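Consider the single chain below, provided in structure tokens and representing the form predicted alone.
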Amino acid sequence: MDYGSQMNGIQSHIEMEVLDQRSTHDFEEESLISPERDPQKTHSLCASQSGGSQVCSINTLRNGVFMSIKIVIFTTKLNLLMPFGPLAILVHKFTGHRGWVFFFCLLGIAPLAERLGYATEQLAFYTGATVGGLLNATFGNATELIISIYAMKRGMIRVVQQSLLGSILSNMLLVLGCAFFSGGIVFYEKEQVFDKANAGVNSGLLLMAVMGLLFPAVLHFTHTEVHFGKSELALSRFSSCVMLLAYAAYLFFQLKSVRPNEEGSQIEESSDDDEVPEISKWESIIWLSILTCWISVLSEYLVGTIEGASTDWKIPVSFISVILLPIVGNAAEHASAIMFAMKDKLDISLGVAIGSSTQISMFGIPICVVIGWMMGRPMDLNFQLFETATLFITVLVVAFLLQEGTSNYFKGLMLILCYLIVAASFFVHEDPASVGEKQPQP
């Protein structure tokens, strides 16, 4: 008994020493690592020291700014295209060659749109999956909305309509197709699955958007307006208000009804997800503001040189509006949707691609009609017969592919090939309304 009690005492003494060593080691690790990860702790440590607390705070702030710039600006090779934005402005000032200005603006906006998606993704870490998906869709489409507003100010209604239509087509066919294809290649041995019910809700909203665009076009081409030139515009504005109301109800449904289920799934998946935010919440908000302002500056130059580029390159304005502009604007959706699909998070990819299309069709297009109404511009929902038919067929194809709730690389390849057919169609399509709308630029 004496030997056993002596051994127990020695063992307990050893355990106490090990615990003391661990606590000391943890304290040292916390003192070394936590200042880099938590600026608030660094500030408190600096303030606790006698004298030099202001110097420490300034150094901490400067290091935080440098680290944030390094993470946001220099962590992707696509940012090598950023100098083309200032180059476009210089070319516009000194040469006035609209084709090159348009081309450089396209190259300069592409990394900005991608970084806008990155900052949104970082902010989504602090807001949760539901609000994060909405933020992805909102700021992912910020480029298209900014371009549309500048085009509307210049009276280029057809460019606004076709660029918004092209954004929907690009997200539904190209972005979703690349996500399905990439995920199918990575997970070749299994079929990826996603929430079929949520995809069905988005498909229903897209069909409602097609209805809103179809009736003004049919009214125009059948010449059955009660008041020619006025009934079509009045119907478009009324339908836009209804679509905005439906989108608001959809947001309420997503945030209130679906959120508890998503929070439960987040708790279950938290053990397998080791991702952490790289920048803080306020850094994300600041970067979103900076990138949005810079995109606005380049968008003004981009819109002002669309027709000049069409003339210089001998490319239809409809092809530039429907294909080229959305590809640049949807760079953020491309990157995030493919990334999540390759991580077997297909629900997020679907939320980015289809959710972005839903937001453009149910919010972007109607809000542009309302903004045009306030600006005195005749922006309506008559997207002409060719464009409306293209959207209708696209929504049907995507709805049929989503109804099973599964994806593979072949479905992705089908969507990509469908987008190639759409692109070729608009390359040989000359829009009479766009030609008649051309105005001399100042």
Partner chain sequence: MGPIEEKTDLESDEEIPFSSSPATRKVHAFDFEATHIGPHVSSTWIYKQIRIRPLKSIYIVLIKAKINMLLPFGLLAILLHYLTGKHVWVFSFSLLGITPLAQRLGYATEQLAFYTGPTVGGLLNATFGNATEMIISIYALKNGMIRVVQQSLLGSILSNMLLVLGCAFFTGGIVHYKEVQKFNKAAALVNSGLLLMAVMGIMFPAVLHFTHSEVHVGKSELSLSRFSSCIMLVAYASYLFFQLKSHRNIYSPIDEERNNDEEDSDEDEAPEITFWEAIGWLFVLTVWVSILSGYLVDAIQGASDSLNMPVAFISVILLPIVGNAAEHASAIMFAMKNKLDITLGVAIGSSTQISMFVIPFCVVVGWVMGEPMDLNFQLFETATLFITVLVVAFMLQGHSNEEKECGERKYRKSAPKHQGRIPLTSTLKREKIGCLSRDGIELLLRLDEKIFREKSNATTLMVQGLVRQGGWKG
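Just so it is clear, the model here is predicted, and its values are computed rather than measured. Residue numbers count along the first chain shown, from 1.
We do not show the form predicted together with its partner chain, though everything after this point is about it.
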(request) From the candidate stretches 237-245, 354-362, 291-299, 191-199, select the single one in contact with its partner chain in the model of the complex, where contact means a heavy atom within 4.5 Å. (result) 191-199
(request) Quick one: from M414, M67, I58, M375, grab the residue that has a heavy atom within 4.5 Å of its partner chain in the model of the complex. (result) M414
(message) What I'd like checked is whether I393, Q403 and F427 together line its partner chain in the model of the complex, meaning each has a non-hydrogen atom within 4.5 Å of it.
(response) yes
(request) Give a yes/no on whether F253 approaches its partner chain to within 4.5 Å in the model of the complex, heavy atoms considered. (result) no
(request) State yes or no: in the model of the complex, is some non-hydrogen atom of F383 no more than 4.5 angstroms from a non-hydrogen atom of its partner chain? (result) no
(request) Answer yes if any heavy atom of Y126 is within 4.5 Å of a heavy atom of its partner chain in the model of the complex; otherwise answer no. (result) no
(request) Report whether the minimum heavy atom distance between G308 and its partner chain in the model of the complex is within 4.5 Å. (result) no
